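Take a look at this single chain in structure tokens; it is the form predicted alone.
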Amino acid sequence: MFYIHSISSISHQLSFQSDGFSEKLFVLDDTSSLEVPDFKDILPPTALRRLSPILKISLTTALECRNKKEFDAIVVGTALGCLQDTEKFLNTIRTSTSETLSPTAFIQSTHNTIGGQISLFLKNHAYNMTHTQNALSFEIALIDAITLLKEGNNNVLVGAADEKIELLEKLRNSIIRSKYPLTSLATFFNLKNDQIENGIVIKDVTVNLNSTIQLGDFIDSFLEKNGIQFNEILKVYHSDCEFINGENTMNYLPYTGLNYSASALATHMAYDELSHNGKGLILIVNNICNNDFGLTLIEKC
């Protein structure tokens, strides 16, 4: 069992430091904005000046998960990385007339900048890994975190973050086709082996990349592996999966928006819902990208 000891999200929902937010979800639209805290109360002035929005929300949510012990590992999932800084870097290349360019824009644009900034701020020199596998980046990061716990580590920070920028909005009608608004979000949580009475655990997580198997068969196989019948599940969160419907199911994309880290926020929603209920299981289905499936089973013991 891998226990969630703390969890934090910044999103377009009122999810930051808001116990019970899963009961107050609202459908997002193109006018919905990122609900951010006052960073001045959390981050130092130097970070406020130089960090991009995705780094601010990632660092803030990561700091919310700190405990008395140093993290044994920091694991991050991100599909697109720091897009705003990437765009700045590419524009600098395009417009510069100098033979040499400052490396700052490039350094801040790489995918592992998020994990690096968290590590620098916490002065943490432990294992630090970033996974980027499109919409399954969070699930791969979670698998890595669980593997680390199985190997003897006991205090892992794991999470995911992705952001929208204006350029993505311009591409919506040509490359990005979705009925859901584009969003930014960051979700991090502290995963441990230490047991919590009535605690909430990640029971299992799996992925299937470039799959030829049908999603329904993949879910059945996953539940069978865990010795669970479908009717034993309290609720199924899914990313607009047509064949999953019913009273105890929820399409989370209207509430997370289109974001490749949406399943991380869905995990926080499930955690929040379970924390206010009795024992139960919630299955999170991530099929945002065709033929790429991610399944996360979360349980309140």
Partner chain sequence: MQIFITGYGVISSIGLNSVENFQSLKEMKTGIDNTSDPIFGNYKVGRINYSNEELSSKFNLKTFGSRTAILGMIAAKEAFEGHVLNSDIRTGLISGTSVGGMDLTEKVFAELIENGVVSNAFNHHASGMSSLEIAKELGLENTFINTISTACSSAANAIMQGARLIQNNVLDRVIVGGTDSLTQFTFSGFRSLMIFDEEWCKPFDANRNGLNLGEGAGYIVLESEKSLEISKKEPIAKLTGWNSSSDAYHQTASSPEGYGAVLSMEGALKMAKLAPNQIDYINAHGTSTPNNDLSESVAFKKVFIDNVPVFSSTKSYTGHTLAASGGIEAVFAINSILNGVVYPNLNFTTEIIETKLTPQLKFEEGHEIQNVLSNSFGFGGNNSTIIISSLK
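What you see is a predicted model, and the numbers here were worked out from it, not measured in a lab. Residue numbers count along the first chain shown, from 1.
Missing here is the form predicted in complex with the partner chain; even so, the following discussion is about that form.
- Candidate site formed by K24, L34 and K179: none of these residues places a non-hydrogen atom within 4.5 angstroms of the partner chain in the predicted complex.
- Only one of 226-234, 196-204, 150-158, 183-191 places residue heavy atoms within 4.5 angstroms of the partner chain in the predicted complex, namely 150-158.
- Not displayed here, the partner chain is approached by R50 to within 4.5 Å at the level of heavy atoms in the predicted complex.
- For I219, no non-hydrogen atom is located within 4.5 Å of the partner chain in the predicted complex, even though that partner is not displayed.
- In the predicted complex, none of the heavy atoms of L215 sits within 4.5 Å of a heavy atom of the partner chain.
- Interface membership of K164, defined by any non-hydrogen atom within 4.5 Å of the partner chain in the predicted complex, is ruled out.
- Taking the partner chain as it sits in the predicted complex, the stretch 205-234 comes within 4.5 angstroms of it through a non-hydrogen atom at V207, N208, L209, N210, S211, T212, I213.
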